[in-house]
Each structure stands twice: as structure tokens, then as C-alpha cells.
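Heads up, what comes next is one protein chain in two forms, each shown on its own as C-alpha cells, labelled structure 1 and structure 2.
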Structure 1
Amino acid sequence: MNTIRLNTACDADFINQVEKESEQDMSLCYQCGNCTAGCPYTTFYDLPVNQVMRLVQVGQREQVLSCKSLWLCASCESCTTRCPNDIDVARIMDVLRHMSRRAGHATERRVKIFWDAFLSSVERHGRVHEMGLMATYMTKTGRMFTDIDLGMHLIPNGKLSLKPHTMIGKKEVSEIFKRFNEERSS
């Protein structure tokens, strides 16, 4: 178990940034632990969700942004559903993941590669193209033949398309990514 020192300098700018980006009031969290109790991945986390929340409350930027819990969060929203103060904990975790990326902390390499491949696919096609996502992920991680036997069953049954599906609204999705990239670069 890691000891977390709360007597180190508090980064008030970090707290304000998390609150602004998530539109959540961090002071509402009183550490009931319901978020952690409901989290299906908590056994894999280095910091349980309630500890992440507490570290944000006390402004521990580096400790939070470098934890692997952010990258293992499935955004299932169990934490949000269980919060007695209606804090959108999953949204805070998502904001922290984005902040972690911007700060150059990617503790779970394969998860980050999957995330990048997923977002890239959605940006290009308006929705995820599973075959392209798998090809990108396998190429970048070196896991070329992982689950190939499963793919062989999915393709003939029409569950895995070799080419991207067409969709209505592809241009609008592309515009979302364009605005995001413009805001990020300014």
C-alpha cells in the first residue's frame, strides 16, 4: 500500500481546472466510498476511485495524473450512479484522463494505443470501424495474432466488416474533432 502525503503543497489551479473541465464541484465529495464499492475494476487500480477524488480535492496533480487507474477506468458510470451527491465521477475520471494525456502521462501503453486507435477511427469514419481498429491496435502493440481465431468466426457471420460502414452525420462528427483539435492547439 502506498502512503500518500497530503501535507505537500496543494495545487489550487489543478482543482479549479478539474472543476471547470468536468463542471463538477469537488467539495461535494465527502469520501463515502460508494464509487469505489461499485467499481468493477477497483481491484486492478493502483488508487481506488475515492482516493483519486480525494487527491484531486487536495490538489495532488502529479499523483493523480500519473496513476494507472485513470487508464483502466471503463467509464461504465457505476461510480456516478452510486454517488449520493450526484457527482458525475465518471466525467471527472474522463477529464483526468484527458489532462493526463496532455501532461504526457500514459501509464498503460496498450490502453492508450487502443484509445488513440478508437478515436482515430471515429474521426475518419464517423463511427468506429472495428476491423480497422483491431488492425491498428495489433500493429502498434505487436499482438498480431491475438484473437485471430475469434475474428475468423466473426467475419463469415457478418459481425466484423472488412470495410467501414457508411453513416449519416459523418461530416458533423468530423467537425467535432476539428473543433476539439483547434481548441487544443490554441
Structure 2
Amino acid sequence: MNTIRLNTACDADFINQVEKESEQDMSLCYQCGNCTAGCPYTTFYDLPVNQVMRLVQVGQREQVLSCKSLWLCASCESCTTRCPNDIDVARIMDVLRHMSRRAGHATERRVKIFWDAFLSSVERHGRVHEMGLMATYMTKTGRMFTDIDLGMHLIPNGKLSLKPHTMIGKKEVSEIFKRFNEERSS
């Protein structure tokens, strides 16, 4: 790995932004590693969560926002619950993910597609339509046989409806998305 020039390569705006959006104080982290110790996803992360914390502390925007870990955090709250400094680590991970998304990263492409498919299903129908969601996901990823085996159990048991569940106020829900997107782009 390249040498990091700590004084010049520190992006203070990045630190401030993370602190502001997450309402957490990054300087509280003393790198005990408890978050990593408890994180069930560490095995799959490219950066353990305590190192994500550390990289934010030293203002390494690029390295943080382009890591895979952000997209694999399941918000299981283990880190938040056990951090000895009461840092809401899961919230920081969430905020970093927002920033990563806004910066156009999607290091775990399939995860992102799944989430996007989920939300567009909500946007369209007001409630998630699981079948539709799967269809979108399969088309977008090209993985046509995802969980086909499960369908064999789900469909006959009435657990996967072919039609979306109707609700009256679905327009209200799509309006939420509309307003959100407008505010975002403004």
C-alpha cells in the first residue's frame, strides 16, 4: 500500500460531513476493535469496520467510499450496541453508504441492484411485491435462476403472489419518492 501523507492527504471536509450526517463524534473512537470483533460480516468485508472508522478519522475519503464493506453491512447493530464509547457505528456505516452511493460507487453491484429493485417496487406499488422484485433483480443482474428452487416451495404455499398487493394510497408513497428526488436534485 502507498504511504499516506497524514497531514496533506487528510480530507477534513469529509470528516466533518460524516460527523454532521451521522451526529457522531469520530474522535471518540479509540480503536479498540470491539465493533470488528462482533461484526458478523467481517469475514466478507475488505476493510474491517474499525479500520473504516480509522480511515474516516484520518480523512481518507476515497478509500472509505470505494470499499466493499459499506455495501455489505447489514445494520445488525452489534457494533453500535457494544461500542464502549457509545458511538452509533452502524449509523456511520449507513451514512458512509449514502455518501458512497451519491459518489456513484457500487462496489457490491448485486446488493445495490437488489436494494434498488426493492425500493422501486415500493415506489410503484406502495408495498413490496416480492415476485416483481425478484423479476427485476434477475433481469438486471442476468442471474435468471436465482432461488428458482425456493419458488417451488413458495408458490404452491401461497407465499409468493403473482400480482402486487393493492393499496389505495400508493400514489402517496410514490409522491414521497418524488419529493425526495426533487429535494435531492435541487
Partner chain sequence: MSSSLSYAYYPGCSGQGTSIEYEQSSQAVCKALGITLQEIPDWSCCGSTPAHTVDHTLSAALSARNLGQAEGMIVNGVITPCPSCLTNLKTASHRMKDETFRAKTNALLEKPVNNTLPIMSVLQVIYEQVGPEKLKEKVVRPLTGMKLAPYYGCIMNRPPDVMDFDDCENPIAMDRLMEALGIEITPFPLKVECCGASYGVARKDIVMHLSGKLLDAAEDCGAEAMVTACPLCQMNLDLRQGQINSANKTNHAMPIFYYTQLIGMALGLDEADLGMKKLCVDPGKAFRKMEARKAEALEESVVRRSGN
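By rigid core we mean the largest C-alpha set that fits within 1.5 Å across both forms. Please note that residue numbering is based on structure 1, beginning with 1 at the start of its sequence. In this text, all values refer to a predicted model and were calculated from it rather than measured experimentally.
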property: Number of the structure representing the form predicted in complex with the partner chain; result: 2
property: Core superposition between the two structures, C-alpha change of residue 158 at least 2 Å; result: yes
property: Threshold 2 Å Cα movement between the two structures at residue 20, rigid core reference; result: no
property: Following rigid core superposition, Cα shift of residue 169 between the two structures in Å; result: 7.7
